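Before any questions on binding or motion, here is one chain by itself as C-alpha cells, the form predicted on its own.
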C-alpha cells in the first residue's frame, strides 16, 4: 500500500490520538464515579455525629455533600418542586406518608440493605400504618416534642407559683407563660409541631382529621402569643445552653444537646428536658431515597452503613435521640442509655401519642392556624 503523504499521516495520527483519548476518557468516567462516587444528603440540623460522614467516606470512597434543614415544611416543599439534587432525605414519618402517596419517594430494595435485620420489629411494626410493609422509609432516630427548661431561671421567674405537674402548662397556660416570659420563651418554628401539640394539650387527638377539633386551637394560641419571645427550630439549642431563653417548646434531643453544651461550657445553666405525664407527641425521622435521586446505589450503601449497631449508637451518643436499632444499645453510653428523656421508660413510652398523618385539607388548616398565631393576625 502506498504510504500517505506526511501531512495526511500526521492528520490521521492526530485524529486517532484524539479518538483514543476521548475513548479513554469515556471509559474512565464511569469507573472513576464508581470508585469514588458522590452522595447528596439532606438532613435535619444538629442530627449527626462529627465522624459519621468522615468514616463513611473513608470506608466507601464515596464523597458526601451534606446539607441541613430545620423543619419538615422546608423539606416537603423541595420534594414537591422536584429536582432536589439529593439522594437521601430525612422526613419525619408522618410527612413521609404524604410523600409516599405523592410518588416522591422510591420503594426500597431491601436486598441492598443487609443491616435491615438490626431494626427493632416493634418500631418497624408501628410505622406500617404510615408506610405499609415498611416499603419506603428506614428510621434514623426518634424523639418527642416537649418542654425544656433552665431549672434555676424558671424557678426564679415563677416565684411563689409552684412548677406545674404538666410541663406543657409552662407554654400553653397564660398563668405560667406570662411569668417565664421574663427569662425568654422559644417555640419551634413549625406548624406541624405546634398545632398538634396544642391539640394534645387540649385533650384532643394530636392528628385529628375532624376539622371541628381545630376550632379552639387558634384562640388558645393567640392568648399566649404575647409571651413567646422566639420562634426557632435549631438556634434555640445554643440560646438555651447560653441562658438567653429559659423555656423551650422543642424536641427532646435538642434540649438534651443544650444541656450537654451548658455542661461543657461550665456556665452554670442547668437544662432539663421534661417528660409530660400525659404523654408527649413523638416523631420518627426516617431515611428515604427521593424518586429522582441520581446516586441510588450509594444511597443504599449509606443506609446500610447507618444501620450498623455501633454507627447508630454513635448518633444517639452525640445528639441524644433514641435509635431504632435493637443491636445498638451495647454501644450506647451508659449516661445516654439511662437518660429517661432519651430512651423512655416503658410506662412513658406507652403514653406517647400514636404518630399519624393528616389529609391535605387538615394540613392547610394547621398551616393557617400557625401562621395566624405566629404573625399575630
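These numbers come from a predicted model, not from an experiment. Positions refer to the first chain, counted from 1.
Keep in mind the form predicted in complex with spermidine is missing from the figure; the text below concerns it.
A single residue from the set 302, 172, 214, 283 has any heavy atom within 4.5 angstroms of spermidine in the model of the complex; that residue is 283. A heavy atom within 4.5 Å of spermidine in the model of the complex is found for exactly one of 92, 186, 150, 197: 92. When spermidine is considered in the model of the complex, residue 87 lies well away from it, no heavy atom lying within 4.5 Å. Shown alone here, residue 331 lies farther than 4.5 Å from spermidine in the model of the complex, counting heavy atoms only. For residue 146, no non-hydrogen atom is located within 4.5 Å of spermidine in the model of the complex, even though that partner is not displayed.
Although the partner is absent here, residue 321 sits close enough that one of its heavy atoms falls within 4.5 Å of spermidine in the model of the complex. Stretch 246 to 254 is the contacting one of 288 to 296, 246 to 254, 122 to 130, 102 to 110, since its residues have non-hydrogen atoms within 4.5 Å of spermidine in the model of the complex.
Contact annotation for 41 to 64: residues with any non-hydrogen atom within 4.5 angstroms of spermidine in the model of the complex are 44, 45, 46, 47, listed in sequence order.
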